[in-house]
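Quick heads-up: it's one chain on its own, the form predicted alone, in structure tokens.
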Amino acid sequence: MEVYKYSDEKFKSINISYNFTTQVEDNSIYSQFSVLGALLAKGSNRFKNQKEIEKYLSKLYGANFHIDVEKIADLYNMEFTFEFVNKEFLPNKEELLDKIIEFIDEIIYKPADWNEENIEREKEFILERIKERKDEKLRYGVQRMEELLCVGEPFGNFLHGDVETVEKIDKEQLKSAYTKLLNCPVTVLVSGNLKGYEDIDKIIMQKLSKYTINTSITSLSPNVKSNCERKYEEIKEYVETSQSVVSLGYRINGATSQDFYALTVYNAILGTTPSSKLFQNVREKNSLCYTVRSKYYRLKNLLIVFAGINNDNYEKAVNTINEQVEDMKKGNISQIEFTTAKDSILADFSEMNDLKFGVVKLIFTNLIAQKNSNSSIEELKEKIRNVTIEDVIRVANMITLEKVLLLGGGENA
């Protein structure tokens, strides 16, 4: 177990984030951990159901908790988040930390003895999430492109797995998944107002490290090599919608961890702000879409552009999007585009300081990406400021179009 903390007295509460991170060796983990997380959130040995959990937390001045699962490149992470008020803001300065740690112990390490009814209920919940993934067409277009670019890689799987695997899950599989969870490296992130809790990391280690293995998240590899052939493909899939979605998948070839800053600026110039090339040229100038945006994947060296379009505009939209990418390779970047993009990124980084988990999430990402936790928000901002237009042009020439996907309906909007 490793514990990292960040204190800021502008907040009133404290957040404790427990992260169990694993290398994906079997794709069934996506389905199993999703059902497992749903079960762990609904009860424990002491708290028999969600109502009992909520009743207990309400007595702790509205403390709360939730469980999330996420893909971090080719790693899979289950996060337990607990929030409670600093005693400085409570009547008689009542101490809650011991009760919160007892609650963490109970929820994570003392699960209920699940019965078939519980298991089937949570399986249905996860099956519904899988089946609903097509309802948000833009998000689904991005997810499908992730799958197409990462065939044979863990990142190419849907976050909650697949219908067939979920349907087959039984109690024994969940017990096995829970054992696997306990054998994951554990990273604890503590943030918020830590006044009076300067030793909170030591207290957590003392009371909860007995459950965890002595392995760091830095021992995990966020990327696996795929034997899949990298080739250009154009794919068209029918979905029931009057509005179509086009996604373009680009691979960034030869990028290193130090190219992250230039690629972040590149992505902002291309398609993350109203002044970006995609927004101005695809949406405003040519009226080819109702929305368009680019997304950069730091740990996978991928870039995805997605847009909501009418079917009739498909070819022109693809060509116009790709023209912006090719334009940047030639160095056609104005000073205004460059400065506006950097200002937008710097503003986003500044906002991280206003979020309880902003800084510790940066620490967590750096542990995975750079195998250390050293970078601060100010260091990040300084590296962004140091990016030049020449740096952006250099990384622009690393980018190659690999897949084009049209998720189309039968009609135009």
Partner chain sequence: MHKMGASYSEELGETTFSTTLSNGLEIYICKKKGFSKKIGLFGTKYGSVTNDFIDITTNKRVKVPDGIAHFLEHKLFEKEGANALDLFSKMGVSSNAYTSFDQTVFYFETVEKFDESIQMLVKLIKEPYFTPENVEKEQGIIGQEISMYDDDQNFMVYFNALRAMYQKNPVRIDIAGTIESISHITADMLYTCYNTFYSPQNMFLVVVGDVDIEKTIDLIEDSINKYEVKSNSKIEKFSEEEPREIAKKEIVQKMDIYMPGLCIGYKLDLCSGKDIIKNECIADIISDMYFSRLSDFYDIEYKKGYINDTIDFIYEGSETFSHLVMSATSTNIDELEKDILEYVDKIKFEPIDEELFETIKRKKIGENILSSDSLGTSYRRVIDSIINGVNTYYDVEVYNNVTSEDIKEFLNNLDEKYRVTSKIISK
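All of these numbers come straight from a predicted model, not from anything done at the bench. Numbering follows the first chain given and starts at 1.
A second form of this protein, the form predicted in complex with its partner chain, is not displayed here; the remarks below concern that form.
- Using a 4.5 Å cut-off to its partner chain in the model of the complex, not one of 28, 147 and 171 places a heavy atom inside that distance.
- Residue 254 falls outside the set of residues with a heavy atom inside 4.5 Å of its partner chain in the model of the complex.
- For residue 181, no non-hydrogen atom is located within 4.5 Å of its partner chain in the model of the complex, even though that partner is not displayed.
- The closest non-hydrogen atom of residue 64 lies within 4.5 Å of its partner chain in the model of the complex.
- Although the partner is absent from this view, residue 274 contacts its partner chain in the model of the complex, with a non-hydrogen atom inside 4.5 angstroms.
- Just one of 121, 230, 330, 225 comes within 4.5 Å of its partner chain in the model of the complex, counting any heavy atom, and that one is 121.
- Listed residues 45, 49, 372, 388 were compared with its partner chain in the model of the complex; 49 is the one with a heavy atom within 4.5 Å.
- Only one segment in the set 199-207, 151-159, 302-310, 321-329 has residues whose heavy atoms sit within 4.5 Å of its partner chain in the model of the complex; it is 302-310.
- Interface residues of 7-30, taken as those with a heavy atom within 4.5 Å of its partner chain in the model of the complex (partner not displayed): 10, 11, 12, 13, in sequence order.
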